[in-house]
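We begin with a single chain expressed as structure tokens, specifically the form predicted alone.
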């Protein structure tokens, strides 16, 4: 029995048929060591079910240790499971997931599939795009989440849209419960918890303009 219900599969099939244009590549990095990665197998399984729905969705599965060169190319840093998206022509827009994107976060995966199949153009206001252009140094946005947080997907998507808008930015969802040491390092006690360049920038679900302002101001000082 699959992880997705027949109703889910039918809904996604209709959605992809209407909204997708080109191929999209999903790369997932895993480990067979369950003590290191409890959710790697289920992450791969659910992504396989999604990719089976539409032949334009291409899934590539790598072992984070055996395929070290590929993991290094995409700066996975040994953290698994890790997921990233590439456009049909191989563009990496800096969109990442660390941990299984379950619960409310599953919807962000679906939205990214559609976005990347259509060129991964950022879906942000002109005012936000102008502010994001100011980021002229390598910048990493981490959004710590939990699967039950209804406000977290919006923060994850905003961070991902910022990455799509500026090649200097990478943005990742981090499932806080799967990476307790990483979470403790940044003092995560409530989500969404947003870390910019290794420093906590803010906590909470902000509207687009405030989210962008806080990130840009944190980077530029």
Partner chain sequence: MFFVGGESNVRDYYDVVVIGGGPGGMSAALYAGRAGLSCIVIEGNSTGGQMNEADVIENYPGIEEIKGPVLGEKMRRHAEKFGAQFHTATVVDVDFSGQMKRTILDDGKIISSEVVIISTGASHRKLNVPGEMEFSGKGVSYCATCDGHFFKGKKVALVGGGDTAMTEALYLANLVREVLVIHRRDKLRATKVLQERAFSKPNIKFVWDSIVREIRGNEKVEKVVVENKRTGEKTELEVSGLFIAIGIVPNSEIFRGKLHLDSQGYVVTDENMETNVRGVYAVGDVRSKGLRQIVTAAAEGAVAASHAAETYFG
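Numbering follows the first chain given and starts at 1. The shown structure was predicted, so the numbers you read here are calculated from the model rather than taken from an experiment.
Below: the form predicted in complex with its partner chain, not depicted.
Asker: With the partner absent here, would 4, 15 and 207 each sit within 4.5 Å of its partner chain in the model of the complex, counting heavy atoms only?
Answerer: Yes, all three are in contact.
Asker: With the cut-off set at 4.5 Å between non-hydrogen atoms, does residue 106 touch its partner chain in the model of the complex?
Answerer: Flag for residue 106 set to yes.
Asker: Residue-level contact is defined here as any heavy atom of the residue lying within 4.5 Å of its partner chain in the model of the complex; does residue 90 satisfy this criterion?
Answerer: Outside the cut-off, so no.
Asker: Does any part of residue 154 reach within 4.5 Å of its partner chain in the model of the complex? Heavy atoms only, please.
Answerer: Residue-level check for residue 154: yes, a contact with its partner chain.
Asker: Should residue 59 be counted as a contact of its partner chain in the model of the complex, where contact means heavy atoms within 4.5 Å?
Answerer: Residue 59: no, not in contact with its partner chain in the model of the complex.
Asker: Have a look at 134-142, 106-114, 71-79, 91-99 and name the one stretch with heavy atoms inside 4.5 Å of its partner chain in the model of the complex.
Answerer: Looking at the partner contacts, the answer comes out as 106-114.
Asker: Though the partner is not shown here, which residues of 182-202 have a heavy atom within 4.5 Å of its partner chain in the model of the complex?
Answerer: Residues within 4.5 Å: 187, 188, 189, 190, 191.
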